[in-house]
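For reference, the chain that follows is the form predicted on its own, supplied as structure tokens.
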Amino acid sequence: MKVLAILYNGYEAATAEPRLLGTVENELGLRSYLESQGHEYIVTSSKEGPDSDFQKHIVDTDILITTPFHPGYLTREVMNKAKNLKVCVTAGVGSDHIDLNAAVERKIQVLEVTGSNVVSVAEQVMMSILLLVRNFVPAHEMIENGGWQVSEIARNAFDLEGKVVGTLGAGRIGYRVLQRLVPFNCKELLYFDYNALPAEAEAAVAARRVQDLKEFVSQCDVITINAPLHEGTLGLINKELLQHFKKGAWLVDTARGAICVAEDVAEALASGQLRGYAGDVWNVQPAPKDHPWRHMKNPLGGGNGMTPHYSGTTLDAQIRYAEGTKAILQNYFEGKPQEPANIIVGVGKYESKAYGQR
């Protein structure tokens, strides 16, 4: 079989650090295994435009491996060219770069390494919340630039203790965020999710479910988005909803950038409706140099905690998702059942509710 992997370039870093498995250079550690089984393995970062390696090789690829960090966008149009395609594997978590409805129609399986990133992303959420609330980025920039004016930083720095913090989405990552928030003695922990947590899990973190989205955002000092991207969440955080946020709230999105309308978030930050916005996910990846999130600021010149998309691709996470990808391939080649939690689309039907209620 022909296996095509779309990964990101690691350059010198990947040569120096072999644990950067999710790079073109280190190939998820799969080449020797796949070639020993008689399969062809193509690895590339070239994914944009009709002349890309992605477009060239997809026409006769049997198995496509992609990653959320450098996504090969498998649209319906591209899928229609892929006459041999049988399986799509996401090396990581999040398969919204694949047209899942088209995969159902074409009976192409879509699998991902569920759970491989949950700790990594939950930790990133906590870091992002703290750097916004404590006004860390302007403080660090001041030191780098040779300055020292404590009042300029302290006037927009707060404690997390005593704040109302809510997670939009309380699944594997959202719940771990709630667990990590418990020791900070927040005033209240809230969650918005179409599924209620089990009573024991809810009690363990003393979290309260709010079922109306506008009510949810209006009560929170800090909101963290931990939900997948699908038709129901695309553009969910927009100008209209942002008007219902508490004035000066902080927003963190490590889920998917397209859940937020980029221009509306930038406008809310510039006006002070949002005090800060942090995340590592962008509506287009790699993000263009003129993306508004690169340079947006609040009225006091801070509030921007954006990074490249790396929360779920720590060295520890890369080991997990590389091993998980290999296990998925082994199961497929050997005709063994896949782990149920890894199956997003089975043969001709959705197997997961992670991408909305179907």
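Start at 1 and count along the sequence shown; that's the residue number. This is a predicted model, so every value here is computed, not measured.
The form predicted together with another copy of the chain is left out here; the points below concern that form.
Annotated contacts: 87, 214 and 323 are all free of another copy of the chain in the predicted complex [non-hydrogen atom within 4.5 angstroms].
Proximity to another copy of the chain in the predicted complex, taken as heavy atoms within 4.5 Å, picks out 114-122 from the listed stretches 74-82, 114-122, 92-100, 221-229. At the 4.5 Å threshold, heavy atoms of residue 267 stay clear of another copy of the chain in the predicted complex, well away from it.
Shown alone here, residue 246 lies farther than 4.5 Å from another copy of the chain in the predicted complex, counting heavy atoms only. Residue contact check for residue 334: none of its heavy atoms lie within 4.5 Å of another copy of the chain in the predicted complex. Although the partner is absent here, residue 310 is a contact residue: one of its heavy atoms lies within 4.5 angstroms of another copy of the chain in the predicted complex. The partner is absent here; in the predicted complex, the one residue of 204, 234, 164, 157 having a heavy atom within 4.5 Å of another copy of the chain is 157. Here is the short version: of 316, 60, 35, 48, the single residue with a heavy atom within 4.5 Å of another copy of the chain in the predicted complex is 316. Along 135-156, these residues reach a heavy atom to within 4.5 Å of another copy of the chain in the predicted complex: 135, 136, 137, 139, 140, 141, 142, 143, 144, 146, 147, 148, 149, 150, 151, 152, 153, 154, 155.
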